[in-house]
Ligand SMILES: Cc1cc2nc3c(=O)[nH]c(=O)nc-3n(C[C@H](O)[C@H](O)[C@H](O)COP(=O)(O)OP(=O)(O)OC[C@H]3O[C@@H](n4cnc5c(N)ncnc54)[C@H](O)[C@@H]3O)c2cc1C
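The data below hold one chain only, encoded as structure tokens and taken in the form predicted alone.
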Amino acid sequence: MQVLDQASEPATGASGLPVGLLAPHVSADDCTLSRLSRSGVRLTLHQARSLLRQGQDWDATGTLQRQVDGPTNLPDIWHKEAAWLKPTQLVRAWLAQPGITFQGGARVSALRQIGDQWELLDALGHVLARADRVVLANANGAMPLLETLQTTLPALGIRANQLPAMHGVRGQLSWAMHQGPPDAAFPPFPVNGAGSVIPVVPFEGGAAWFVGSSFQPDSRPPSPDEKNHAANLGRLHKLIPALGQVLAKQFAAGPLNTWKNTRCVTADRLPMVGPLYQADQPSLWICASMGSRGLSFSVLCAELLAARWGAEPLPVDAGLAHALKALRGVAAATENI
């Protein structure tokens, strides 16, 4: 398997999320998103236990979910099967597996089908790679490629409106190093509900705390970092008021460290994973739109791809797997009536 990425190296510190929270989604009706997230969390935890250093790259701390945005009488929920995890380290571990080749500095601008193979081209039309099967796992970057293919290869029948509507949501994480032992206001485990706080993570030779994340549609002009930091602090005041008071001075004094990027989100908040056109042996697939739950869904979606390619049992029941299919947009739904 060959992995192409526009970054010069896999999951660089400049682009990779420094730490994320792995916890299941909860709903009163135990909706599809909730059930899928539980399966995804279990699979990702298995990968962490197999490939990463506990206490350094991840830790099975559990997570407390506080119900701060609903009725005040809702109880908190303790998630035993939850953890913080450094995605960069997990990606590096995956890319180090046998049979994987990483090609950095490779921005794919177009695809061209030559017989049974695909050629991946750069902006000048030079061939970056050739493959029998291609998976677009580039989030919002998939749409320009698909729109081009609708014109250059109409016979495939690829139509963007067969996919669920996608949009980008910007997010910013606020973080800083602990100066000495953590203040007593920090909880002993991550807490989420109105945003999240990960209290202590080994980082850059010390320990850091992380609070986030902001939400802003990418259809609007980006907000200044200071405004996003203030939004993160506002959520922290709701989530853990005592900690919000302790960190308010640090937020005000600045500058805090910032990590920001754009999430790819579907209207139904579910990833899309599957072939991009109808055929007995489709060779162009997509695995994208993890939203804010990339740690919960990435391993699950990869297992779904592998199961379909190898005609193996699915990692979740067929109904849940069907909810993630890529071709579930307006055109596809109309054709199935």
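These numbers come from a predicted model, not from an experiment. Residue positions are given as counts along the sequence shown, with the first one as 1.
The form predicted in complex with the named molecule exists for this protein as well; it is not shown, and the discussion that follows is about that form.
A.B. asks: Is it the case that N138, G141 and N261 all touch the named molecule in the predicted complex, with a non-hydrogen atom of each within 4.5 angstroms?
C.D. replies: Checked in the predicted complex: all three residues contact the named molecule.
A.B. asks: Please tell me which of A208, L95, L149, V108 lies within 4.5 Å of the named molecule in the predicted complex, judged by heavy atoms.
C.D. replies: None of the others qualify; the residue that does is V108.
A.B. asks: Would Q172 show up as a contact with the named molecule in the predicted complex if we use heavy atoms at 4.5 Å?
C.D. replies: Yes.
A.B. asks: Just checking whether G291 would be counted as a contact of the named molecule in the predicted complex - the rule being heavy atoms within 4.5 angstroms.
C.D. replies: Answer yes; at least one heavy atom of G291 falls within 4.5 Å of the named molecule in the predicted complex.
A.B. asks: Just checking whether L295 would be counted as a contact of the named molecule in the predicted complex - the rule being heavy atoms within 4.5 angstroms.
C.D. replies: Taking the distances in the predicted complex, the answer for L295 is yes, it comes within 4.5 Å of the named molecule.
A.B. asks: How about A326 - does it come within 4.5 Å of the named molecule in the predicted complex, if we only consider non-hydrogen atoms?
C.D. replies: No, A326 stays farther than 4.5 Å from the named molecule in the predicted complex.
A.B. asks: Out of the stretches listed (295-303, 24-32, 52-60, 273-281), which one is close to the named molecule in the predicted complex, meaning heavy atoms within 4.5 Å?
C.D. replies: Stretch 295-303 is the one.
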